[in-house]
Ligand SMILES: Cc1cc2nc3c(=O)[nH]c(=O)nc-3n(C[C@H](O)[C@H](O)[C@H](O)COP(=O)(O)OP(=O)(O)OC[C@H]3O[C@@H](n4cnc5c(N)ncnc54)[C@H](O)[C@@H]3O)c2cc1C
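Encoded as structure tokens, the following chain is the form predicted alone, with no partner shown.
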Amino acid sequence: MAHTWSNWSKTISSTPTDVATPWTIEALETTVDEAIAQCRRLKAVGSGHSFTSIAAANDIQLDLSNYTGIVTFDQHAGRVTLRSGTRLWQIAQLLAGSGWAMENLGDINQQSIAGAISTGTHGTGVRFGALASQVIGLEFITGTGQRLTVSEDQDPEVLDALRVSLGAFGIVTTVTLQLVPEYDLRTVEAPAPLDEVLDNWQAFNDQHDHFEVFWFGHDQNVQTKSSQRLPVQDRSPSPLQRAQNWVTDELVSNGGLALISQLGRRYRRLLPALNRYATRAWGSSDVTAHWSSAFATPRRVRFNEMEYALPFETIPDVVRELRALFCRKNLGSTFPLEIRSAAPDTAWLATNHSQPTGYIAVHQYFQQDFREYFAQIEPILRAAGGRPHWGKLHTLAAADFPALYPKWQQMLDLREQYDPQRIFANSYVTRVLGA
């Protein structure tokens, strides 16, 4: 029986001819070698949390969900080498009791480590890069069958080329991360006037280790989320705290959002009122938790997403332009826009390459057509010099990217060297990188 794969938001599906699920490096290498020998297309798939078809496979699907765990761990240096299919949530469990932590994470932890770095997944914080910034080594199988080992000490320029690779150069077999001493995170969520946040965008980010904004487009207030790193304390949440967390995460955040999304889908005229209600209902909170559980939040309500990385200093003006658009076009969504930041990175295809970066992400409920909403917003983000997230929806094609990425031609040259037969291409990779 044919196996049909779909991504998390259920908007992308594919029916691969064959599915390989290796448990060992030997089995993984054999799968890649056979695909190369037979000139077949091969795509690795992680958790399916990309909204584009970057992981869609029509020939051989390489399912790495069983290829997980620690290969080596240098306790003294705080360096861990992981099999490429290891999920982000598993990393936190594998590091438990070690005294080490990942430097930064996003608010979803279901992705595989290889998928997360290959698409440029990030969290927030002006002093912290994306997940790929934590990578100090990779092992890789190219489209010619070559086994590569690159690190910050051995071929660092190639490491920069491969840390964010779109899966277009080969198969990542292991990822080595530089860890940091473990920490707690105190996170304060509170409403604030939108204009106050925009007028003090730099200051809000400078004052906090991690800062992000959730803005329902028809409201003049936003929800801010500010986090500070603290020394680890030996604490367990009380029964009351666990109950409060459940109410916030499940009843309010997910249950409430599901209800609002259904109302907004059926009665578009209610969007402004629903947006204002959502901000008020979010409320305030002040929670301290270990890093392993502090970043991620459960996402039960499915959505589609577009996100652009912009020069950090442009964020206030771009948000003001979006506010004017929402008012002028009566445009909107039951989901908030999410506004975050990141430090510069040297990875060739990192969306935060060589510049302090602000991110604006827009979402639409998965049972609604996202195309009109995203099409109205995307030109504003592009005009501000935006670079689209590789794993999220956008309309750019190969001709659009040379002006956005200084290393674009070097990247194309390396792709030609590592995958001349285009073993790892699919429709999305061809669209954004060329044939």
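We number the residues from 1 along the sequence you see. Note that the structure is predicted; figures quoted are calculated from it, not measured.
The protein also exists as the form predicted together with the named molecule; that form is not presented, and the subsequent description refers to it.
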Answer among 96-104, 146-154, 183-191, 117-125 for heavy atoms within 4.5 Å of the named molecule in the predicted complex: the stretch 117-125
Residue within 4.5 Å of the named molecule in the predicted complex by heavy atom, from 315, 213, 274, 171, is 171
| said: When the contact criterion is heavy atoms within 4.5 Å, does residue 163 count as touching the named molecule in the predicted complex? | reply: no
Checklist entry - Taking heavy atoms and a 4.5 Å cut-off, does residue 111 contact the named molecule in the predicted complex? => result yes
Should residue 49 be classed as touching the named molecule in the predicted complex when contacts are defined as heavy atoms within 4.5 Å? yes
Quiz item: Taking heavy atoms only, is residue 133 within 4.5 angstroms of the named molecule in the predicted complex?
Solution: no
**Asked** So, 81, 349 and 353: all three within 4.5 Å of the named molecule in the predicted complex by heavy atoms, or not?
**Response** no
Within 380-394, the residues having any heavy atom within 4.5 Å of the named molecule in the predicted complex are 389, 391, 392
